[in-house]
Structures are given as structure tokens and as C-alpha cells.
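Take a look at this single chain, the form predicted on its own, given in C-alpha cells.
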């Protein structure tokens, strides 16, 4: 029997590795990524969805309109994406877990409400099913143009975000539960940055038995007392604020005191910003989710995320078959950025579905020498296995990505 090189066994760092072992009863289905995102939300306790239809996220709204009434939840058709985001924030403040879903054009419209939710530490989940741009682009083609938009998703600065990205239908299910858990624990909106391929494709999907509550789901707790936010604290697991239960807090877009009221004083600005930034920065270890392959002897490492990582990973294996010591890093956590994964003094080939180069700039910043970081941009369709293998071979042997049709290499 053939033996498997231990260096080529994937290393997945994510909580659902353990969750899959514990959720032993359920159904095996053939379903789409949009279905998996919906069922993951229901399993996580989501009981409100508000949004506006947009390809390729419309199916999430359609599934939610059917599923939420079955579990005592509420579906709301909003007049636009901004209204949908505000509805979800309001529902969360009322004590219910909430989610909205959109694509790039709608995601940008949500950003005023996103900042409002960040400032007031409101837990909710936002799905952005990316498609190729600029602007509306091609509705049925994948893109990865909102990497930076998801990090800087509102105006004014002084905040951090949590952004996760699945690469399969099954992972979309588990990662949605994960996103809800993190939104509760960190008291913040969490973005799931998926793409047209993961959203639309059909694959095997294991869904645990819905009659048995999942013990790894973080329940909604309610903060019925002051303070509105703990001053000078980056602590996790502080119950989210809730209105309408006698707490009397003021929910505002402005800098506010620990009681939640508007104020224009430097002390309050410092205290609030300290919490919004450091509750994430101080807990990066709890947010690390990634997959690696073949890093032990790698001289050149391919980097990718989302659906694109599937063909990139196979391209790495093909490059190794050609004699190239290639490795692979798939980011699942996109923000906060996992700088520690790029401390190795090696050459990197960053494969992403855009021509302007976004992820590659963060790898350049984190790597020991940005001159050893190479860009392999493509748009509207995934990198092929042959393209990735050829690029890795070229970088390993001549220090550059060879010229290929529809591939950009300049940042």
C-alpha cells in the first residue's frame, strides 16, 4: 500500500475540526453554499434575517424566508441593504441573533450601519458573497475585491474587524456557526467573506440533527445593567447590551460614555477606542483559523483563500510532483491578519481573484522581505492547477512568475 508523505497532510486550525467529531448524528445532503450558510445560521440560533436580494446572495434570503418561520424567527424584506443592516442591528439590540446577506455593491451600502454596530458593540453576522467588479461587474463570476473593504468597512477609523472566509459548502456551514459565536463573544459584527463559487456550487453537506441543540453554540446573554461598555477593558464574553428591558441606554453613532450617552471628551474617546481596538488585537490567538500544507521543506509558498484556494492547493501538489518544494497557506481568518503565518524566510506566490492586488500587500508587509512576495492576480475565474504549478516552478527556479494569459503579476 502506498504511503503518504506526512509533509503533504493538510493542517487545519479551526474549531469545526472538533465540532465535526462531536456532531455525530444528522443528515448527509447534496446542497448549495447558500443553503449551508442558511442552515448554519439557524443552527447558531439566528432568528432574524433582513436584507435585499442581490446575486449571488439572493438564495440566502429565499431560504431564510422559508426556514425562519419554522423555528419561530422573523424574515424581513428591506427596501435596500442599508435598511437591512439597520434592521438586523435593531433586532440584535432587542435580544435576538440576526444576519443579513449581500454582494459587493450592497456591502458597500451597508457601511454606515456597519460602523454604527461596531461603535455600539452589537453582535450580528453579515455575509458578502463576492462577485467580480468593479461595481456590478459580472453577476455570475467570482471575485475577491472586498478584502480591504471588509477591514475598513466604515468611516472614521479606530476599530478592528473580524472577517472569515470558507472554501467549501461544508465549511460554510460550520464557519457560519463560528461567526455567530465570535460575534457574541467579541460583541461585534462579523463578516463572512464568501464568493460566487462557494455560494452557488453544490457539494456534500453534513447537517447535524436539528432536534439536538449543539453544545458548542454560544447562547445569547443579555446585559441588563450598566456599564454600556467596560472602561479600559479588552475583556471577552461580556454580555451584549439589550434595550427595552429597563436598561435605558442610549445607542448612538457618536463617542459615548460608559453608560452609552453622547459626549465630546477625550477621556471617553480614548476609553471607547481602547476597547473597540484591543478586544480584538489582544485576542488574536482565539481568532486564528487557517490551513497549511507542505511548509516543512517549502522554498516557495502559495497563498490563497476562498474557493480559489481549492485549485491553488492542487497546484501546489502538482508543483511538488514536478520537483518543486512548494507549500500552501489558506487563510480562513482574513482579519485580523495572521502575520505570524508569514515569518518564514521563503518566496511567496499570492493568488487572488483581482488585478489590483489586495491580499498580496498584507503578505508583503508581514513577510521578512517583500521582494520575495509575488502576485498572481486573475479575474472572473479561478486559477487553474496548471497555472499555479507553472508559477511556483517559475518563482522557485528563476525568481519570477512567468507570463501567462489573463494573469497579472504587477502590484
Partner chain sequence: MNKLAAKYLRPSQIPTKACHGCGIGMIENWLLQAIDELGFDQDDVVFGTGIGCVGRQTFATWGGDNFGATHGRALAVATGLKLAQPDKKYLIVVGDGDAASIGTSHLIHAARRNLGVTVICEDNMGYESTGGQFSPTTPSGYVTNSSPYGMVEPPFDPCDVVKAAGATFVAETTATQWHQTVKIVKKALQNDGFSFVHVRFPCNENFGAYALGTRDTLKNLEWIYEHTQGRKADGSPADFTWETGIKHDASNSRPEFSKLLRDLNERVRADLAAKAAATTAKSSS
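Not measured: the values here are computed from a predicted model. Residue numbers count along the first chain shown, from 1.
Unshown form predicted in complex with its partner chain; subsequent notes refer to it.
Heavy atoms of residue 238 never reach within 4.5 Å of its partner chain in the predicted bound form, leaving it off the interface. Residue contact with its partner chain in the predicted bound form: residue 86 places a heavy atom within 4.5 Å of it. With a 4.5 Å cutoff on heavy atoms, residue 79 counts as touching its partner chain in the predicted bound form. Among residues of the shown chain, residue 71 is one whose heavy atoms approach its partner chain to within 4.5 Å in the predicted bound form.
Highlighted residues 21, 46 and 174: none comes within 4.5 Å of its partner chain in the predicted bound form, counting any heavy atom. Out of the listed residues 145, 208, 137, 260, 260 is the one that sits within 4.5 Å of its partner chain in the predicted bound form by at least one heavy atom. Proximity to its partner chain in the predicted bound form, defined as a heavy atom within 4.5 Å, singles out one entry of 268, 280, 118, 96, which is 96.
Here the chain stands alone, but in the predicted bound form its contact with its partner chain, taken as any heavy atom within 4.5 Å, falls in 71-79 among 161-169, 329-337, 71-79, 128-136.
Contacts between 250-272 and its partner chain, taken as any heavy atom within 4.5 Å in the predicted bound form, involve 250, 251, 252, 253, 254, 259, 260, 261, 262, 264.
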